[in-house]
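This text opens with one protein chain seen in two forms, each one given by itself as structure tokens under the names structure 1 and structure 2.
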Structure 1
């Protein structure tokens, strides 16, 4: 029988939630034994061809590309989990939500003290994904089946959740392994 499939995406985050997944340490050896990591920044597959049983989302939606990636993940996953505060709430990237986008961009490309920009270039290539006016949590865009809090969540919480789901058991995360910072 084919192994169940796990896919992960990295949207507007810092990669810390993926790092927390790697923080299961030796259990990674057990993990790759019971599940196929199907599409993820950790493997080389570029497009979905089959469905995944579980999808993990790190990061909120910062660009239109994030939205497309999230929609594709929803289309191809049976059970979708927002992992960490950025996916759940927007978190640090959403600190820009109180500031006009134009100010953020001008700060980066025109005002910062080490910038050398005599022609006042602002990147504007047609291929650059549009920035959203606001950073959105993932549940603004698609239906989310579960969320695991933390910045990042504890690796034990990720491990317990995956274990339960992969063995068709109810997910019960004891309070001790949840955290919110």
Structure 2
């Protein structure tokens, strides 16, 4: 019998949610015994060729490329979970939503004290991902089936959610593994 497939994507964020997934420590061995990590930065598969049972999204949509990746994940996953505050609300990357995009870019490439840019050119190579005018949480773009809050979520919250889904149980995360003291 084939193992359920788990896919994860990294959009605009800090990779902390993937680090939290890796922080399940020795349970990662149990996880790979019961799932196939199908498409993920952890396995480096570039395109979907098959469906995944569960998809985990880290980060919000900052670029057009992020939107394309998220749409592909939604199209190829049966159950999609926003993981962490960037995927759920846009979090730190969305702080730029109150400032015009051009002003943000000029601040980053021209105006900061630590910027050394003698040509005063702003990168515009067509290979660079095109920034969106605003950062979007994932539910702005696709239907999300569940969310695991935190910045990043505790590894125990990720573990408990995956265990519930893989055993066809409802995801009920106790407050103790969601709170931060």
Partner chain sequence: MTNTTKIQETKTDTDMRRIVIDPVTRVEGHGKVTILLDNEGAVKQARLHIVEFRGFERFIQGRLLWEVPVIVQRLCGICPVSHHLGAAKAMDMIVGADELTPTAEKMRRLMHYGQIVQSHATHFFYLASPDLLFGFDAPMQKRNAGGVVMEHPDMAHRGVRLRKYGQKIIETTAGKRIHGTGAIPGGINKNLTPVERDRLLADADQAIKDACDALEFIKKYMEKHQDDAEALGAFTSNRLCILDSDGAMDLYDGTLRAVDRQDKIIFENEPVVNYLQHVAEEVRNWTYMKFPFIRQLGPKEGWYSVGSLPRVTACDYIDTPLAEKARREMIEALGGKASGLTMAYHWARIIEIIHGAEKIKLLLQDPDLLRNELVVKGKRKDEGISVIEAPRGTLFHHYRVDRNDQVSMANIIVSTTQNNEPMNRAVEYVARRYLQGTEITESMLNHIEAAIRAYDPCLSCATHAVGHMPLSVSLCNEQGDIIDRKNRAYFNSQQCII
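Given the structure is predicted, the values throughout are model-derived calculations rather than measurements. Positions refer to the first chain, counted from 1. Here the rigid core means the biggest group of C-alpha atoms that line up within 1.5 Å when the two forms are laid on top of each other.
Comparing the two isolated chains, structure 1 is the one taken from the form predicted in complex with the partner chain; structure 2 is not. Relative to the superposed rigid core, the position of the CA of residue 143 differs between the two structures by less than 2 Å.
After superposition on the rigid core, displacement of the C-alpha of residue 133 between the two structures stays below 2 Å. The shift recorded for the CA atom of residue 113 between the two structures is 3.4 Å, with superposition on the rigid core.
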